[in-house]
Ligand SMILES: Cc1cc2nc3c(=O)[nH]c(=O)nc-3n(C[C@H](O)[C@H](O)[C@H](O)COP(=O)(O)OP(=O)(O)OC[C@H]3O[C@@H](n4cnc5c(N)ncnc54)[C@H](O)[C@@H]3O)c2cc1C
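Quick heads-up: it's one chain on its own, the form predicted alone, in structure tokens.
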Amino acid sequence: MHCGKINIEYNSNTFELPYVEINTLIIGSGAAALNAAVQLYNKGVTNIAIATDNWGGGTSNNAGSDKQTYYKLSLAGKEMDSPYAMASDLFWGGCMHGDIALCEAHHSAESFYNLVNIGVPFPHDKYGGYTGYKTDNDSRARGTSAGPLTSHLMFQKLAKEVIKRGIPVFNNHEVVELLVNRSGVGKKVIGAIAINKKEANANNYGYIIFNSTNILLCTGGPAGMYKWPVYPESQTGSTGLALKIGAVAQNLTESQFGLGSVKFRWNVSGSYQQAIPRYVSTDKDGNDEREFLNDSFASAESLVNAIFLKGYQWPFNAVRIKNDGSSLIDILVHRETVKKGRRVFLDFTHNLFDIYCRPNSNVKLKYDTKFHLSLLNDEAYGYLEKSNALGRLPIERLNELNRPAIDLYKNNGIDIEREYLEIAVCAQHCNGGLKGNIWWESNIKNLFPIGEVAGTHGVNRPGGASLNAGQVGGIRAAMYISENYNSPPHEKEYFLELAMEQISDTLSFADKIIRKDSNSSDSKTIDNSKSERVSIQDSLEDIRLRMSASGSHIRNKDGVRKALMEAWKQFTLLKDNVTLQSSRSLANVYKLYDICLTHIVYLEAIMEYLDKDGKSRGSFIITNSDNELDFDLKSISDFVSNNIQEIWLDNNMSVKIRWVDVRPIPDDDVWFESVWRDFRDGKIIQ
């Protein structure tokens, strides 16, 4: 890595900017980014560095569930498995390309054992068998877990590997622009511009220029778009970085939503539900307590079993609403919180129907029964019995099932042994994202989206498959870069010739919006042309409310159309009329633009899906013209099921959309001699 300074002449001023020459810049510091850096280094690509706005601030290091799942090939027991069988399950989820599924399956064991070898404590038996369990959308017991903090442990161990190799880290650096070479056929990424947030108040606004051969974008999902996310507050995403240079995205209609706690953001899946807590809603002040689920389930048995199943079936799924399915719970929680403006809690200190048993209760008993575990079906009861979790109260059952699940909340200031746990239906994962080929390279040459920012998953993914995909993506990109792109970046003079217009535009942007006549205090506000002060936070709140109302798990065509009009109007206003009192908030403005642009493209994708007569599927349900839930889960045409939607922005920032056939799982010749010959001749990685 070569570091220095460059002088840029702009508007009769000379800006001295830090300058870095490097082969590969990895943007982000989650498990996908750190693994990609380690994989590159191990394959001989050592001229690399990581740039991150907040070391360890992403979802990997700060998220989990009761027993966070890692999805892998079955590696223990008598049940037969194979990469093709695993690829078939990934592909079955819908709108996932078969060749990508096969790559994720073939590299599954390699990725998993790499994590084991660096110290992630996945459990095994005394014979060395890494046993597993069934997770959602899983035909075999491929799930495994290192506990509630699986991805945190992955981050922790991978971070040690990065440090061990001496890979440089540019912390507190917000990457705000990707630089591209637009000459020739197609676009090619050639570097990036970041803001050193600790130097943002300097004369050069904190800008730093990276001249790099490759960019690995590993910034996670666009969590900043949603009002109620399970994502940690520090995770906002940077998908707009790639969208605004013309990177193609796919399957942006497909995200995952589920119940999560809101005070401390965490998935309330697995044992949190299998303990069968009581669901209650209150008014905004915590009064007028009601067990609101009781009115909508046909029987006490169906309600109790639906709550238990919510542990296995945590993500909202359109097919699990009818006939007292587990996802009816999500619909009812959404109705209480969004439609009625109430608050919803899980109560582990009392059993279901407890309110009916209280003295002087005026609530009419719908079910002629008190809670008892015999209401469970044989499978659910057997699960609790085998787990020795037949305690009288939910908290007792949870304590036997998973004591760390209780301690996790206690360590974050919530004692669920004594107090209620507030929840909502939250955005949890984007199953769509930026398009990549089987080496995870975008349509923008030398740009590799890896992790959740990459749109590999399709409609329904097995639980934990995203952790595997993020690790596999790093392996695949490192293989390709080491063979094809392991060369120094452009010479400085040629790089500046290619990038000068974009660098000048960046300086012009900062020069335009930062008021030179203001004092140095950072107001964190935006002034529009009418001198009306609008806070950055208020603008983000508008985006998040809009996206949660129209682009989450309940969608309506008229609502999406209205949201799109409002979104474009807001984007134009922000683009044309932003001013800051100091450069300290410059990175925040870029983040606001990124989130605003990203949510527009997502809404455009959803609108196109609805215009193609797409119906409820996966993790969302469509409401009809009367705003009633539409349980038609099939399209009039199967067009949207057999094709993948691709969407991008052209050079004029106009939205372009096309539909492409889903690629099947390859049925290639695996005869050893043929593969060995191609491998020796260098035909594998081309």
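In this text the structure is predicted, and so the values were computed from the model without any measurement. Don't overthink the numbering: it's just position in the shown sequence, from 1.
Unshown form predicted in complex with this ligand; subsequent notes refer to it.
Proximity of N137 to this ligand in the predicted complex: non-hydrogen atoms within 4.5 Å are absent; the residue sits far from the partner. Though the partner is left out of this view, L216 does not reach within 4.5 Å of this ligand in the predicted complex, counting heavy atoms only.
Proximity of K591 to this ligand in the predicted complex: non-hydrogen atoms within 4.5 Å are present. Looking at S619, you'd find every heavy atom of it more than 4.5 angstroms from this ligand in the predicted complex. With the partner omitted here, the residue from H173, R142, H97, H553 that has a non-hydrogen atom within 4.5 angstroms of this ligand in the predicted complex is H173.
In terms of contact with this ligand in the predicted complex, the residue from S108, S466, T598, N251 that brings a heavy atom within 4.5 Å is S466. Considering this ligand in the predicted complex, the lone stretch of 99 to 107, 225 to 233, 491 to 499, 386 to 394 in range is 225 to 233 [heavy atom distance within 4.5 Å]. Counting a residue when any of its non-hydrogen atoms is within 4.5 Å of this ligand in the predicted complex, the hits in 17 to 32 run I27, G28, S29, G30, A31, A32.
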